[in-house]
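Have a look below at one chain only, the form predicted on its own, in structure tokens format.
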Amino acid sequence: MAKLVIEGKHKLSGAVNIHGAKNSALPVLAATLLAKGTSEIHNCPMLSDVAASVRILRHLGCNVTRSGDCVTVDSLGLNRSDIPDTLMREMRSSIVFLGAIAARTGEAHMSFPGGCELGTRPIDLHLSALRQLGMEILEEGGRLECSVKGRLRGTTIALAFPSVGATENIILASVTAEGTTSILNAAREPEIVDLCNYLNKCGARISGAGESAITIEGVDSLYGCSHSVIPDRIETVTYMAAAAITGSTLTLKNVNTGHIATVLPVFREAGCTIASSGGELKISAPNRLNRIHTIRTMPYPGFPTDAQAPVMAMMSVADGTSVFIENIFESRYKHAGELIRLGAKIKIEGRVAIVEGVKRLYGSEVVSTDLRGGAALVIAGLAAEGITEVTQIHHIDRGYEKIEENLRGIGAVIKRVD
């Protein structure tokens, strides 16, 4: 198994190019199943989760090729409606294929998804919504056996929680359904908007994306198109945290600052100077960060749960005590125990984490427990004295393209060791 070996206490400088968003590329790739013909998905990151999506598409009969950052999908050859258990277990977001497969083929057969263990992330919202659209779903032995008689039928669906995955599945299932579907309390994330933009280019009729109410007027069929994935806002925040914890100045390219509007005040409160224009963001950090009073994770446009771990890492060496309140997942503090191994002072009480900033961290051997928690450990290692070794980095590879090469390019001393 590979690991990352980091020599800390090196200043960062220069520029980093932000890749396409993982959380946008995955549902867009699933959506290519609905577009009969060829779609070109540009700015598609090279991640293990994207590779898993490509394997699912090929298993279903699609012709998929990659050239640089462009993934081309021809779905005309689609001839299956099942996803093997091994592929479903690779990532949580594999469930987003359910709505697309059933809408295209009239049936779908798959097991429950895998991915990072962040506590209970039930798919009951997905299943309840799809049943309202007319899908028959049998849950048995950890498997989902789904069928559709004729076409799905549009209806009004009110979500109890603005779930991103459930919103995506409803959109994918309803774009070719009979009649009109309305989603109330829909997720508002930029990745939802990106998915709808792709589908509308393919001939869908979706309005309200980015708002709490989305309307989908069903169409008979979709066709392929060319689409470019939006920049990854969580990767943006991660590299900002890397600059902040090392007291460095960095320029981030291919950034949409509107997507991280509620995160920027946190960095400014910590003492960072931020300037942005023309898709670039420049961050300059002080030698020691100020504490952040309170961070509450919330659905978009609130502070993203995916940014909590990287920001906690940088607050571990801030001047004062910071408080984090995790409102999305109940098991999203697994990285805290590993940060403590590096010398951080963190106390967990339920959904609350109290982080008392220390003057220095010390290199140690730590384990990546999930995608964003792994990124937090890398960030902490950049500021720690001595050598930090991060294992189980397959989690990190799910969401960060060549993280060690990008960090080396801006002055970090880091290498991947098999």
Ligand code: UD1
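No experiment lies behind these values; they were computed from the predicted model shown. Residue numbers here begin at 1 and follow the sequence given.
Beyond what is shown, the protein has a form predicted in complex with the ligand; the following relates to that form.
Pick the stretch from 178 to 186, 245 to 253, 159 to 167, 144 to 152 whose residues have a heavy atom within 4.5 Å of the ligand in the model of the complex.
That would be 159 to 167.
Indicate whether the ligand has at least one heavy atom within 4.5 Å of a heavy atom of Lys22 in the model of the complex.
Yes.
Could you tell me if Ser111 has a non-hydrogen atom within 4.5 Å of the ligand in the model of the complex?
Ser111 lies outside the contact set for the ligand.
Determine whether any heavy atom of Arg104 comes within 4.5 Å of a heavy atom of the ligand in the model of the complex, and answer yes or no.
No.
Would you check, heavy atoms only and a 4.5 Å threshold, whether Leu26 touches the ligand in the model of the complex?
Output for Leu26 is yes: heavy atoms within 4.5 Å of the ligand.
Give me the residue from Thr215, Asn197, Ser81, Thr305 that has a heavy atom within 4.5 Å of the ligand in the model of the complex.
Residue within 4.5 Å of the partner: Thr305.
Have a look at His227, His259, His126, Lys334 for me and say which one sits with a heavy atom within 4.5 Å of the ligand in the model of the complex.
Checking each option against the ligand in the model of the complex, the one that comes within 4.5 Å is His126.
For 318 to 332: residues with a non-hydrogen atom within 4.5 angstroms of the ligand in the model of the complex?
Heavy-atom contacts to the ligand in the model of the complex: Ile328, Phe329, Arg332.
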